[in-house]
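The structure tokens that follow cover one protein chain in two forms, given apart as structure 1 and structure 2.
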Structure 1
Amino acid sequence: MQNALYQYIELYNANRPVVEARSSEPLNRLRTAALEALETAGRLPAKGDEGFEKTSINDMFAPDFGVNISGVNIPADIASSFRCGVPNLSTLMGVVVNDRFTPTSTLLKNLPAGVTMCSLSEAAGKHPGIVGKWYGSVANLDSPGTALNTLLAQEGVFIHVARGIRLEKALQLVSILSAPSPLAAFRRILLVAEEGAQVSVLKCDHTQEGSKQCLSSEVVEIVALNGSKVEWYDIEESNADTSRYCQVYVAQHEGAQVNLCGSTLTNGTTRNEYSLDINGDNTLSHLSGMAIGSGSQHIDNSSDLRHKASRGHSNQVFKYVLDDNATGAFEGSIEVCHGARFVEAYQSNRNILASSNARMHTKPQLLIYNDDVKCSHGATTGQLDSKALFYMQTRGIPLQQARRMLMQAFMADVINTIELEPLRDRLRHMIERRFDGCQSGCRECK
């Protein structure tokens, strides 16, 4: 097996000044530690490693990708292709092409006081204290993927909501991978919600039509300080040539609420990791995900939720529908640490295999170090209920339509965790179209 890691380390060692010159101080500060962590690890996780049973990160990074370290302007057809509107939900939108952030004019005009959404380098200039304090504070360099991202990420998005500000409009990030030649983009997002702040972010991932093979390595850090509320909705609609390795790290403080929901509708190879540290008492955490796979899509979600404080309530729901040769993997763990009392943590993973070549691997885990808890997990893999299908047919609903209806209903649990009603409607519509066999695509919005 080829070790994919060293091509990136060599790239960095050869171009260190360029990488740093086109970045900013808080990001540069962590590169040495990241390099050390990578050299200790020696390689990226490969298939069969514990926790990576079905997905090889090494293989995702192995192709000879170019990394745009010198910041060459790569065009992307944003205006016509990716309008990404959600009917009845006016958002404040910014666009990320590969790793570069561009605000839209409405964003600049309408962003209320106390709310920042800008590029990390701009933020490093304007709010050096905040960026310096939180950048890299949640992400774990022991994960080789995160260390590699920290080593090479030059730019990113910074979202900050000041104390007590409740943002009514949702923020939206349209992320586009544009790869005229094979390309790897190292993306970074830092979101800080100060005490009592509220924010919801909608992020959609796309790949520019006509792109070559590409990879997005993304590390998202979410800091939810005391009494804040963060909603994070992520929808991926890319193509078969796209690999995505997205690691979301959350630090949740006392009384904070966090709601994360990730949907994979079309993709190539995707690995999403969610790592939640629940550091404060009286928290509420929702984590949900859905995946619809056909063709040879591969979707792997992994969650790692650590209750370090008392009276935390967490709920995880992950659902997969896999058709054709699609493969899915889910690995979820709940850890209740010593001294974390009165924790209630639930997890459920349900999967439907719709074809004989679809594969599902699931590994829900509980690690409990305390007796004052209520924890459970459940996992099922099977097919649609034949009785329900039969019943619907007796009422004159054709089999195909009955199947679609049941699959949509199956996804309802995940959709219902989304708190923005227009987004729920939109996602329902997208799923409907997805099961009809057409890529709904943002371009059909509006």
Structure 2
Amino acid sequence: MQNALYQYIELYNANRPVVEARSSEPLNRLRTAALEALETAGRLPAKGDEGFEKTSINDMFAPDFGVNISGVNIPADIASSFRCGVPNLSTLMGVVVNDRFTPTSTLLKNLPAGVTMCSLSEAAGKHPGIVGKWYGSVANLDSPGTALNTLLAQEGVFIHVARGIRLEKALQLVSILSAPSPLAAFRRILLVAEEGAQVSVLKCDHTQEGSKQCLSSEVVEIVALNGSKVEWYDIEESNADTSRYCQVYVAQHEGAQVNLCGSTLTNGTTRNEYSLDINGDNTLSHLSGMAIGSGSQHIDNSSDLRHKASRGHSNQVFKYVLDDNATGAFEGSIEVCHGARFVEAYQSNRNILASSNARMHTKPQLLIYNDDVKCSHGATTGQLDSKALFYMQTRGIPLQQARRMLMQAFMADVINTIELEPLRDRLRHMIERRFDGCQSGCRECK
């Protein structure tokens, strides 16, 4: 088995001055620790290392991807790539092409005082104290994927909402992979919501038409300080030649509310990891996800939620609909630590296999280390209700339409966790088009 890690370590060692020159001090400061962690690990996790059905990180990174070490400007046609425009949802938008952030004119003109959305390199110059304090504070270098991202990431996005600021408009990141030859893009996102702040972020992942094989390595750090509220919505509509490895780390403090929702509509191979540390009392945490797979798509979601304080409430809902030869995996863990009393934590994974060749692997887990808690977890995998299909056909509804209606209704629990009403409505439409067989987002189906 090829050890994919060596090629990236060799690349870094051969180009370290170039990597650091294009980056900023907070990012460069952690590279030595990341390199030591990778050399200690020796290789990236492969099939069977983390649990039999976990997606192999080694296989994802093994192809001979190029890395844009020198920061060559790779153009992207945003209009043709961006497919999930949300009518009636006025956003403040920035665009990320591979790892380079560009603000739109609307963002520059309308970003209110106390709110920052810019590149990490710009933020390191303007807000060195904030970036220096929080960058790398939540992400875990014990994870080889995070360590590799920390080693090679040169740019990313910084979002900061000052104390007491409640941002009325949502922030939007349109993330586009554009590659004339096989490319691995390494990027970071750091979001800090100060005490009492409120912010909603919609991130949309796409692949430029005509791009070659792409790999996206992304680490997101979200810091929700006392009494803040953070909503993070992630929609992926990439192509079959795209591999995405996204790790989302959250530090949630006293009285904070966090709502995370990830949706995979079209993709090649996707592995999403969510890691939540609930460090303060009286918190509210929602984590949800949906995946629609067909062809040979592969979607892997995992969650690791740790209640470290008392009186926290968390709820997880993940749903999959898999057709053709698509495969899915879900592994979820809830840990209620010693001393975390009066916690309520719930986890649910429900899946529909719409063909005999589709496969789903699920592994929910509970780890409870004290009394005075309410916790539950469960998983189901099955097919569409044949009685419901028969009933709908007797009422004159064609079979394919009945199937689509049942699958749409199945996703309602996840859609309803989204607090932005225009986004909920748009996502319902996108899911309807997806179940109709659309494989290119909603651009051709409008």
Partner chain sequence: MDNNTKKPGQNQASDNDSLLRDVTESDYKYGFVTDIDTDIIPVGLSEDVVRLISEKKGEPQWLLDFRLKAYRHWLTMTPPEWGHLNMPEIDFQAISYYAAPVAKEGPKSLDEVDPELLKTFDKLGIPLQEQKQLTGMAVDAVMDSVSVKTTHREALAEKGIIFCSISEAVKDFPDLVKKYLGSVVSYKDNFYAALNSAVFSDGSFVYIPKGVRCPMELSTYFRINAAGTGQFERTLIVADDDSYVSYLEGCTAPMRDENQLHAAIVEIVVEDRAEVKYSTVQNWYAGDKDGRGGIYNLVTKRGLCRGDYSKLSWTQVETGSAITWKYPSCVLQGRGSSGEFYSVAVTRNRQQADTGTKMIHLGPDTRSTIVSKGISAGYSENSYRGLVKVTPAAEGARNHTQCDSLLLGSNCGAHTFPYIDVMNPTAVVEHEATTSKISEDQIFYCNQRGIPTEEAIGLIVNGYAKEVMNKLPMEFAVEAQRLLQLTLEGSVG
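All residue numbers here refer to structure 1's sequence, counted from 1. If you superpose the two forms and keep the largest set of C-alpha atoms that fall within 1.5 Å, you have the rigid core. As the structure is a prediction and not an experimental result, all values here were calculated from the model.
Matching each structure to its source, the form predicted alone turns out to be structure 2. Glu421: CA moves less than 2 Å between the two structures after rigid-core fitting.
Comparing the forms between the two structures, the C-alpha position of Phe52 differs by 2 angstroms or more, with the core used for superposition.
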